[in-house]
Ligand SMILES: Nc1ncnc2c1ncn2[C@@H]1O[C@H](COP(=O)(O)OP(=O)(O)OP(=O)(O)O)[C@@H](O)[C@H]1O
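First, one chain by itself: the form predicted alone, in structure tokens.
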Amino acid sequence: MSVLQVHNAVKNFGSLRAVDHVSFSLDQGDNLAIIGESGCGKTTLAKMMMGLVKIDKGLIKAESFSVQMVFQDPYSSLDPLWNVREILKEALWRNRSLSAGQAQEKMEQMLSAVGLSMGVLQRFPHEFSGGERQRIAIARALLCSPKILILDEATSALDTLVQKQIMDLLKKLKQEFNLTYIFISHNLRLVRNFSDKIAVMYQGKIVEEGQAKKVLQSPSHPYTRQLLQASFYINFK
């Protein structure tokens, strides 16, 4: 069942066309990686899917509030003046029928799901490591009960060991909450181990799309080949 449809999406910033007639669809449980160099339009496309950037032409169709996003820098995405309780409580604003006790229970359940204890609720973002802050950001996104989670370079600000821990966590959460992932990254090694499908963006367009193994081993577009060579992923023929 389709949970997201993007049809001929266009976004211009003055004379710059950041997203150029992009189309794709996702079914429930898909795991799509969108890869490409900085400035190719990946993050703009993600913000369009979130409704943070207005689409100029085309159509993006998904259920209301079904898409949530986890950003690259967990420190800047969390309000430094709010403790974790306030940060998580904000995600429950649509469900105003919850009592204080029910809201507390939901927050504690989600913290447990991402590997944190209820003791963190009174602490502030600066008191956590980068990996812990990203876990809090993931918990906040999941409290909105999304079907689709967009991960915009969500591990690039973390060291290698913490990256693996977060990726393992995301795999677990995908099964637990039946999530559909859009993983935006330039790290092809992470993409290879995480995503089932790949879309390659170049100058605002998707120039290649397909199953991850096929795209990585037998790329058909010259730009995809350049990306793989630049990242030393040279197993293709």
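Start at 1 with the first residue shown and count on from there. Since the model is a prediction, treat every value here as computed from it, not as a measurement.
As for the form predicted in complex with the ligand, it is not shown, yet the points below apply to it.
Heavy atom of residue 39 within 4.5 Å of the ligand in the model of the complex:
Flag for residue 39 set to yes.
My question is simply whether residue 22 lines the interface with the ligand in the model of the complex - judged by any non-hydrogen atom within 4.5 Å. No, residue 22 is distant from the partner.
* Though only this chain appears here, would residue 18 touch the ligand in the model of the complex if you measure heavy atom gaps against 4.5 Å? -> Yes, contact at 4.5 Å.
Query - Partner proximity in the model of the complex: residue 44 to the ligand, non-hydrogen atom cutoff 4.5 Å - result: Because a heavy atom of residue 44 falls inside 4.5 Å of the ligand in the model of the complex, the answer is yes.
Candidate stretches 60-68, 31-39, 189-197, 167-175 - the one whose heavy atoms come within 4.5 Å of the ligand in the model of the complex:
This holds for exactly one stretch, 31-39.
Members of 124-142 lying within 4.5 angstroms of the ligand, judged by heavy atom, in the model of the complex
The stretch 124-142, when checked against the ligand in the model of the complex, contributes no residue at the 4.5 Å heavy-atom cut-off.
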